[in-house]
Each structure stands twice: as structure tokens, then as C-alpha cells.
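For reference, the chain that follows is the form predicted on its own, supplied as C-alpha cells.
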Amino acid sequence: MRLLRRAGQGVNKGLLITDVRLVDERSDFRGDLYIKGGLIRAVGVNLRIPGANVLSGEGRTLLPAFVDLHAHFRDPGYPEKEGIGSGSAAAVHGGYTTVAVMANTAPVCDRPEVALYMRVEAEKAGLIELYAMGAITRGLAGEELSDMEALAPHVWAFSDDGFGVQRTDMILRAFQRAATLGRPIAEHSEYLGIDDPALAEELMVNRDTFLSRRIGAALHVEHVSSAGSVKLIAAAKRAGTRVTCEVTPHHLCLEPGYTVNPPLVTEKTRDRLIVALASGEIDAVATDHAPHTAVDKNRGAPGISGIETAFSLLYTQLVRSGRLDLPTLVRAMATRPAQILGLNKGSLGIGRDGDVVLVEEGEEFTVTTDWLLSRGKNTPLLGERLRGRVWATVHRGEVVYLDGKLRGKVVG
């Protein structure tokens, strides 16, 4: 990382990032930013911090680092698809310093030791903060609740992602326990046996928003893909329901034809989702990063390896086209996800965590298998030219990724 000019040996004077365009949800100006002790300490023009380590942005754009509410790192259980180390590397390559990982591991994250394992492995990799999801039901089977009380101190929410909880009595009890424990229920909204994906989603969204409001529990709706679901969630919010929701980059940007769950949608639905994201009806963008081996993908496994391309895809297709402005994209990828997780991140304000990302707005690059750091190369974007390259990622004042190089050894 030779582009980082350091202060005297052994001196820890913080990190001064100079000559950048600073953009968050509320501000957009040219200047500098200083991080010390893991927090943003100063933001201004022509800052002078004697002895600070200096990273010259050389006119690049500085944003709050991204927060992913929904990713699959496949560890424990499927190291050929992804390890926590390789997933962490992919995350910082895409500008993420905080990632919530799903419970569909082997063993399933339905017991505290699995969540603890994930956290320890992320700490070994030393690149990101990892927040585990605990399973709603044992083994994700939908028949018996997990030990939610034991899991609660180690997870940020409960989800059977990949499987909507089909039994109403089961999800009712899960909401009741989650409300007592102060944790959200995060649902993959899909009733099985219904051929219309939008209807399958909307029926479960309708059920769960009702239960959330009735019980007073928090609900997070994962990967919304239906205009009808957006209407139901907006109505629930107006009624005072504690509900948030996310949309994926691929549901906003990609044509049908690549296998994901829920399926990719028509242009009309994509347009409605984009409008809802711009208005704030949809709270956040989450990647649903789902790495697979080539063999599994060829067998029809649903999912896209997307954490590395999320920002650049959205920037290329939506910001450069004028569908979204950059502060709105920052709100969706950093500010609101951080708020949903209850973190001191997501803005460039003084006192916030020193998690930032520098991007080259005009830099065009090609997505290739060699470019991807994830073990999962399953993306329809291979060979595509994108703009908005992530140049550097900073976690609590430490440069963890810079111009193609990772800090330290990545485990996994």
C-alpha cells in the first residue's frame, strides 16, 4: 500500500484523507477528512494534522463505507463456495466494511457456537465487522423454533433466509419471542406452491406485516421484488408497523434470464422498485451475495456473487443515467442499513465510525473471474464494463483495501 504516506515509525496519529469529494446523504463538497481512534474527528477544507498518516485521494470521491444487510459467506460448511476470509476480502473489494451473514450454513446457525465461530473467523481475517443472523427454526426446517433466547446475544436478527416460514403458528411464536428479545424477524417472503412469484411474496408480506403490527415486533423484509409488496410495506409503515425492507442490485438492474430467488423481474417492476428506493419506501440495498461453485450453478443453484459489483453496477446503471443521485445511493447502501443494524456508521459526520470508501467515478473496468476476490464467480456481469471502481476501503481508520491490495493475510 505504497500510496499511503505514514507518519514516523511507531507513531499513531490517525489517518488524514485529503483532496476528495465528500458525499453522504446530507452533504457534497470538496475537502479532507481525519480519522483517529476509529472515529471521524474532523471534516473540512485544507485540514492540517501534524504527524498524521496521509492518504491522498487525488480528486476521488469519498463516501461512507457500505453496510450489507444480507450476504451468504457459506462458512461453516461450504468452503468451496466461500470462506469468511474470502467473503471478507470480497466485501472490502466492493467497499463494504460491515456485513450481516445468513444462517444457511452447515451446521445451521441455530445455536450460539455457530454465530461465535463466524465472528471469530471474521476477526481473524481482520477486514470487516460481521453480524450473524440466527435461524428462526431448527435446521431451517420450519417445524420447531430455534433456541432464540440463547442465540439473541450473538445475532442481530432471526431469519430462515432461503425459506419463508410457512406455518403461521410458527412465525407467530417467533415474532412473540423476537419482540421479547429485542431482535427483528427478517423474512424471505415466499409461500411455496404458488406459481406466481409476486403473489407468493405479497401473501407472506401481508401476513408478516399484520403480525408485526399486532405483536409490536420489528420485521425486516428481505429482497423485495414485487410492486405489490412495496405498497403493502408502505401501508404498514403508515399504520405504525416497525417494518423495514431491502432490494438487491440485481432486482434493480438486471433483465430476467439468470437464476435467482426471488426471480428477476420485468422492466416495469424494476422501474417501480427504483422509484420506491429513490423515495425511501424501500429502505436499503442489500446484495444477497450468494457465491456458488460452477458445478452447483450449472445444476441450477439460485444466486449471484454480487458484493463486489453492487456499487459499481448501481452507479453505472442508475446514478449515471440520472435515475438516482449519489447521496440517495449512499443513503440506501450505507446510512439506512447502518441505522437498521443500530450502528454508528453510514455518514461522514464527526464522531461517526471511521468507515469510508474512496471510489473513482469515471474509472471504467471489466468484471472478470480474476478481478473477483470471492470464490464465487457466478455472475452474469462477467465481461461487462462498469464505472465507479472502488479504489480504497477504510475500516475504523485502517486502510484494509487499496488499489487492488488487501491488508494482511486473509484467512479462509
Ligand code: DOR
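Not measured: the values here are computed from a predicted model. We number the residues from 1 along the sequence you see.
Form predicted in complex with this ligand: not shown, discussed below.
- For the candidate set 104, 86, 317, 146, a heavy atom within 4.5 Å of this ligand in the model of the complex is found for exactly one residue, namely 104.
- Between the options 93, 272, 336, 188, the residue in contact with this ligand in the model of the complex by a heavy atom within 4.5 angstroms is 188.
- You can rule out all but one of 273-281, 257-265, 109-117, 207-215: in the model of the complex, only 257-265 has residues with a heavy atom within 4.5 Å of this ligand.
- Using a 4.5 angstroms limit between non-hydrogen atoms, residue 290 touches this ligand in the model of the complex.
- Although the partner is absent here, residue 323 lies well away from this ligand in the model of the complex, with no heavy atom inside 4.5 Å.
- Put simply, residue 302 is close to this ligand in the model of the complex: some heavy atom of it is within 4.5 Å.
- Residue 223 belongs to the set of residues with a heavy atom inside 4.5 Å of this ligand in the model of the complex.
- Contacts between 151-169 and this ligand, taken as any heavy atom within 4.5 Å in the model of the complex, involve 161, 162.
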